[in-house]
Every structure is written in structure tokens, then in C-alpha cells.
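Consider the single chain below, provided in C-alpha cells and representing the form predicted alone.
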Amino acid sequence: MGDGPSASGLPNGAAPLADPALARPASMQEWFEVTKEGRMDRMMPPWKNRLSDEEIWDAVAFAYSLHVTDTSLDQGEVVWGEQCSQCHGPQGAGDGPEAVANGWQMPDLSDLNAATARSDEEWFQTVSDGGGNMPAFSSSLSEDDRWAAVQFARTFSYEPARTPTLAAGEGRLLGKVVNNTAGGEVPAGAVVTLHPFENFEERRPIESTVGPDGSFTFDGLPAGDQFAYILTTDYGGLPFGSNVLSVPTDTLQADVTVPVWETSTTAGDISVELAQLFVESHQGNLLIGELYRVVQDGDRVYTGSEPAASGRNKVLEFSLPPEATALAMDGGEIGGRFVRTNNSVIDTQPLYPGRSQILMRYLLPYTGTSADFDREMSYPVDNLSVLVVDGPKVETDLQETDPQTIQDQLWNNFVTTNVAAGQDIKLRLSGLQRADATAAGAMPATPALTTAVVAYHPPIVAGVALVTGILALVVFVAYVLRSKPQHAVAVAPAGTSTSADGDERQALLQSIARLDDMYAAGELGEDNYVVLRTAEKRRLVQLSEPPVDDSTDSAAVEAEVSTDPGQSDA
């Protein structure tokens, strides 16, 4: 959909290849030529010197299948069997019994060379209007049926990206949608979607309709721990979900509840049951990671009332040091779900009753060999832990407890409880590496990770017990390390304008150029290259944007760094 990590660095954005409006008029042959030869007016580099023709065709075929849904392919298969196979044959080779009996010369739709030269739109027009021995189907088939038939016909020449179906079984899920808001209605007639997984691999979703009492049933499901199920539904314009569950092999039946809530613009009781902050030195900066496990005790989904940006309300707000740079949030982008101001970061996602989590990381520049870390807690916190990587001396009023070893790294642990909203948490770190001694060109590789952060779907996280204790520490440190920037420039707060802005912009542009050179020379892997370059470009945009209003046109800034030898925009 043109929303990759480097899309913001292109002056005209990236093409939404999965949008049917873009894909249907194009042929795979046209996309192959653009990918191979490039299209520099759209900042699309040529790939002919880095990929073989076969590799380009594979990428193009995959991209061309992204605008087609599993539902459409299923629909097309039915239409093909009923309306098309008699002439075109069951596999599209033009050898159907009616064509053979009449001696008609039918095109071989399984011929990849022939199929890739025609667009979906051209095939659709032929199906609609007819031609030669081909009757017109515009009056006998709906528009959806005709598109579905065209898209299914593509499967004879290449394998589309299609989600496998779930194997049949003898298990049953008996469920009920329950409105947990006092006086709330049961959403009778709503659609509940079952999302099955087999050994963590996604399978085709299945739908059921809710009865008058909110009940629904899914039959014929495989049982056992290797099959996991999540159920979702929409109510009041918001998505809701169940816990993860499986069907036991002994009873072959499981009961499940999908909770829904009404919405409110008034916040319930919001607190943080656990806050974990991670502090370490990184190239003349403090690298800060913050995890907040938020609890909302109301019986409604809090949607906010105060505008934070166009079409989005402020739901949660966490203080942020004004000098913080390279801010990254788990679960959304700055300018999307999250909005940055001079002194805070705002979450605009509706807050469901129960538990959810906020994860962020950013850099704080320091000078010399010492640094002060001062954080104001935006909400009351039951339990707070600040972990500082072993090395610097730490002065703080927090209680020091047993250190923790996380991913072979020792972290000194400082804790407190019952922190009031607005209370400051202060640490002074000394004995740090001198900021001015940091090697400007030093860019160590990101550590290999064995643990990944699980970004739960918001409505599902409300019903899932989150990890606790040391497991939470391991997961979050993995997130911080995964997101660690490999280059840092001391910069002014987002949204401000200082005399140093020009110097900072120049430093960022030089950093981006160095990243390009390292990537081209094979000294930097593509994954790290994408992350690092995107972070630097994002900071350039922040320099020219006001802190809250996200409508500022940043195209001029983005254009300075949009020529990206390692990224593509088909």
C-alpha cells in the first residue's frame, strides 16, 4: 500500500501496488519493465544490475497478486466452474469440451507469456463485451463475478499469494458476544470472524453471524494445541477480540466470549501498573527505552475528546524530554497513531478497558562524561523499575535492588512504588564515555535478537494477560536493541527553530550520504540500512514541522534525501 519504511523519503510517495485501482489497468509485463529499467521520475531505481530477470518476475508476480483477496479467488473459482470451463477448460488451456466439439481456437490462459502481456482491465472488458466465439457476460454476471473470474484466471499461469484454508476437524467453538458496558446492547446480526492458526501459520478466516442473544457457533474445526484461534468482531465502529484459545482433543469443544464495550469521550480511571525504563550510553547519547503497562478501569472504550491532530483525539499523553531525538514507538508511526509535541508524545488510539502497553525509545544527548536523567510520570504508577546498563555510576533516590542479566548484559536495577502523577524520577549518571570522543563513523551492527516484541492487537490485549517479571524485561530490551539507531547527532527539540538547525540538517544529510555509501559497498545490511536511513529522514522532516500540526508540507525536505539507491518504488 505504499507505506513501507522508506516511502516517506520519496517526494511523490510510493505506489500502492495492492490498490485495485492501480493494479487492474497495468500488466505484469509493464511492471517488469519498470522494475528492471527503473523510473527515476518516481525515484524508482533500475534493478537489472542487482536482480536476475527470474528474480524480477518473481517479485512482480507476487506484487501483482496483492490486490486480489482470498474471497475474490474463491468466488472466481465458482464462476469459472459454472460459466467458463466448458470453453476455456478447467485449467484455462482452451481445451474445454464445448470448444473442442466446435473446433474453436481458444487462447491458452496458462501461457505465462500471453497472460503477463494483458491487464486485468483488458480481460474484464473482454468478459463483459465478448468477442469472437466469446459471449458477452455483462448482463448475465455481476461486476464482482466478472472481476473474480478474471482474477481466478490468473492462477493458471502463476501462483498467487493465497492464504491456505484450515483443515477440517471434529471440534466446535461455542461463543457469545457480550456487551460489558452497563445497559449496553447485544450486537445481534453482527459478523464474528474466526482467525485460525496452525503451528503459528495463518489460515483462511471463517465468518459466522451473531444470533439475537449474541451467540454464535463454529463447527468442523481441528482440535489440539497446534491449532490456535482468535475471534474478532466490529461494534460501534471499533474492533474487538477474544483471548487466544484452542479446542481440547478430549472434549472437542471450547467456549469463548468476545467482549465489546460502548464508547465514551470521558476517561475512566487510568493508571500504570508497571513502568520499566532502560538507560544506556550510545555514541554520545543516552539511549532510553520506556515500557508502560496501562490499566483502564472504566466500562467503556475511551476515545478522547481533545483534538490532537486532524481527525484524531488525544487519548493518552506521556511526557517527553524536549531534547529527545530519534523517537520511535511500537505499534505506530509518529504523525500517524502517535503525535509528538514539544514536551510529550500523544497516543490517539482508543483505549479499551483492561490492560494495554506503550513502548517507546529515544536518544538524549549529553556532554562530557556525565548526564542527568529526569522523567516526569504522566500517570500514577504502582511499580517502577529503572534499569541502567552496568558501567556508569548512578546517583538516585530510588532503591537499588538486585541487578538483572538480560541477553548476556548486566543491568543495575532501581525501583520504587506508588509514584504519583506528576512526580519526577531523577538519576545522575557519571563515568560515561565522553560524548566528544565518540567516533563519528563508528556504526556497529545491530545485535542479533532471539526474542521479539509481540505487538498485540489493541482489543485482544485487553483480554490477554501480559508477560511479567524477567520475561517482560527480556522482551523489552530486545525491542530497544532491535530499534537502536546506529548514528546519532545532537539535535534541537522537535518543532523548534534554532540557529543550529542548518548545521543539524547538514549533519543529517552527510549521515544519510554515508549510509548510502556503506550500503552500496556492502558494509551495511539492508534491514539496518532501511531503519537507519528512515530515522535520519524522519528527523529532517521534524525540523521543518510544527510540533502538533501534522499538515505541514514536508515535500521540500524529503526531496533532499529522496534518491535512495537501496529502496524501490514500483
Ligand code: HEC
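This structure is a prediction, so every number in the text was calculated from the model and none was measured. Note that residue numbering begins at 1 and tracks the sequence as displayed.
What comes next is about the form predicted in complex with the named molecule, which is not displayed.
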| item | value |
| --- | --- |
| Listed range touching the named molecule, judged in the predicted complex by heavy atoms within 4.5 Å, from 123-131, 162-170, 208-216, 388-396 | 123-131 |
| Contact residue in the predicted complex, from P321, G298, P187, P107 (heavy atom within 4.5 Å of the named molecule) | P107 |
| Contact residue in the predicted complex, from Y235, Y362, W80, F338 (heavy atom within 4.5 Å of the named molecule) | W80 |
| Contact test in the predicted complex: L141 vs the named molecule, heavy atoms, 4.5 Å | yes |
| The named molecule contact in the predicted complex: R293, any heavy atom under 4.5 Å | no |
| 4.5 angstroms heavy atom contact with the named molecule in the predicted complex for E98 | yes |
| Proximity of G332 to the named molecule in the predicted complex, heavy atoms at 4.5 Å | no |
| Every residue of L384, I425 and L427 near the named molecule in the predicted complex, heavy atom within 4.5 Å | no |
| Neighbours of the named molecule in the predicted complex among 81-101 [non-hydrogen atom within 4.5 angstroms] | Q83, C84, Q86, C87, H88, E98 |
